[in-house]
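We begin with a single chain expressed as structure tokens, specifically the form predicted on its own.
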Amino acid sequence: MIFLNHKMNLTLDEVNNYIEALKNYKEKIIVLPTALYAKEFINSGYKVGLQNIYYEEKGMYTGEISPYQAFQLGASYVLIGHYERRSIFGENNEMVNKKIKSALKNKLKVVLCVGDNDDNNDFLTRQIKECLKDVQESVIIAYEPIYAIGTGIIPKIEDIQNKVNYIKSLTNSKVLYGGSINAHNIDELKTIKNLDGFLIGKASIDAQEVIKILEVASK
């Protein structure tokens, strides 16, 4: 599973060029575009998720997007709990838990982002348990070491492997790796056992880089 998180990037013209460039690869990716452009991807036959939702289905929440609206639009997935949502916008595990429950209720598949900065698993364990409190349905978990997000730095492969194994020991979830993935390191990253895919950030906004990643990953 290859998720492409565009974050707050690309103009409408750039999106149209991106859609054309990746049209032969659309079955291999799930695109997480800026919400403004989700419909362009959906109308072009891409599998689409949103980068964030609120936990209420409707109401006076200026600037927010509800899971009901996302599903009605045609989105299939939603990213919840990304480190940038936590660090910049102050989202905590309790809010993430509410968002997950609301998303699942509205038939969206959830990608829960978790991360840490060290080998101690206490912080990671607390995130997973609190974010998935009373959640019965299956979610996808994306593990992103905080220091690797957008920095170009990635952990040793054996360290990622240990984290993947640990997360799977706690849950029955599929696990993705995210954090500074590009065409130069994907060949090594794909050797991680029991890994179910990748959440790609910065590199995902360049269609040609995405094509290179997909070609290497499929070998």
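The shown structure was predicted, so the numbers you read here are calculated from the model rather than taken from an experiment. The first residue of the shown sequence is 1; numbering continues from there.
The same protein also has a form predicted in complex with 2-phosphoglycolic acid (PGA), omitted here; what follows describes it.
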query: Heavy atom within 4.5 Å of 2-phosphoglycolic acid (PGA) in the predicted bound form - residue from A148, M95, I128, V139; finding: A148
query: 4.5 Å heavy atom contact, S173 and 2-phosphoglycolic acid (PGA) in the predicted bound form; finding: no
query: K99 within 4.5 Å of 2-phosphoglycolic acid (PGA) in the predicted bound form, heavy atoms; finding: no
query: In the predicted bound form, G179 touching 2-phosphoglycolic acid (PGA) (heavy atom, 4.5 Å); finding: yes
query: 4.5 Å heavy atom contact, D116 to 2-phosphoglycolic acid (PGA) in the predicted bound form; finding: no
query: Segment assignment from 188-196, 52-60, 163-171, 149-157: heavy atom within 4.5 Å of 2-phosphoglycolic acid (PGA) in the predicted bound form; finding: 149-157
query: Those residues of 80-119 which, in the predicted bound form, come within 4.5 Å of 2-phosphoglycolic acid (PGA) by heavy atom; finding: H82, E84
